[in-house]
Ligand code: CAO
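In structure tokens, one chain follows: the form predicted alone.
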């Protein structure tokens, strides 16, 4: 069975997280991703946060599955020659260099168009055009500049960033969509184009409900926020604690064992259609007819009191017992799962959401599989490449160089020392 992106060749000039997230997703869908790395060093994450000596870090391995690696020194004449040949034969170049790096390498948009008019050049940058476009940006900077941090946390505390990598991985996912869209349009036009995903833009897109709330403030306090009715609302969107951005009143509540287990909590939603069931389950049936609680409007100023009452009930049960009971009545809820609990969830392995991968130097490790499932294009997760592992293969099979040419390229120092599999 063919893969969705089979036949598409990606020239991967990315590193760290945002770009590799994008190219890994494309590789999972069947694209041939050729990762270009510096001889002797490679992607900086190969050594960052390393947990085993002399083995690529989990940081690198979990972001570079299904790819091939070629080492290339583009500052050498032969290295530049190889890169030009790659540009001519690839469909897409993906890069997340600092602003201006690609131009300084001699590969401006105009030069790339001369080499391959059909080439799509896709870039991750911190900011789009404007006063900050030349600034370098990392994950937490993007969360702050995109509006996420200012709206995260509790109203009496400082701004907070989230553990989800919405700046890096979130931008990579946006860029992947842009690339596939550009490839689709190229079928009609025959032309390549530039694709830009700015990290600030991607985070803001994921925070659109907060931009919605900024405009709602002009018409009075937002009644679903925990500050209502006794708190103060200023002229900007406040931090909402655990309140839902979608308007459904929800909160994180303690469950049995919370005193010793930092994740013995459940997210509980007091959804209007199941309010009667909620009252029955927690033993507060009088609330069904009480005018202070009977309607959503009446409940809004009493939400924190309601959650406190529900919490007295949830603290008598484990989070999984609470979930089992509430689901019988279609009451929305979800346990706070630790990474340990997620890693031990066998159902996630059955769907390919979690995958065990064998690696020649670090052994078996656990990784996240493709989060997007296609019925006619199943994903097989293969290990990340060793540094330069596929250099000769790419020179020979992709670029058509003969053995004499490959020897010349190697002798020139353009590809450095290529790593081999431990078994070879």
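Residue numbers count along the first chain shown, from 1. Just so it is clear, the structure is predicted and the values come from calculations on it, not from any experiment.
The form predicted together with ligand CAO is left out here; the points below concern that form.
- For the chain shown alone, residue 105 is a contact residue for ligand CAO in the predicted bound form, at least one non-hydrogen atom being within 4.5 angstroms.
- In the predicted bound form, ligand CAO sits beyond 4.5 Å of every heavy atom of residue 91.
- Ligand CAO in the predicted bound form is approached by residue 97, whose closest heavy atom lies within 4.5 angstroms of it.
- Under a 4.5 angstroms non-hydrogen atom cutoff, ligand CAO in the predicted bound form lacks residue 353 among its neighbouring residues.
- Here the chain stands alone, but in the predicted bound form its contact with ligand CAO, taken as any heavy atom within 4.5 Å, falls in 72-80 among 311-319, 176-184, 267-275, 72-80.
- Contact with ligand CAO in the predicted bound form, defined as a heavy atom within 4.5 Å, is made by none of 27, 68 and 84.
- This chain appears without its partner; in the predicted bound form, the one residue of 164, 101, 211, 343 with a heavy atom within 4.5 Å of ligand CAO is 101.
- Distance criterion of 4.5 Å from any heavy atom to ligand CAO in the predicted bound form singles out 38 from the list 396, 383, 38, 362.
- Residues of 136-173 placing a heavy atom within 4.5 Å of ligand CAO in the predicted bound form, in sequence order: 136, 137, 138, 139, 168.
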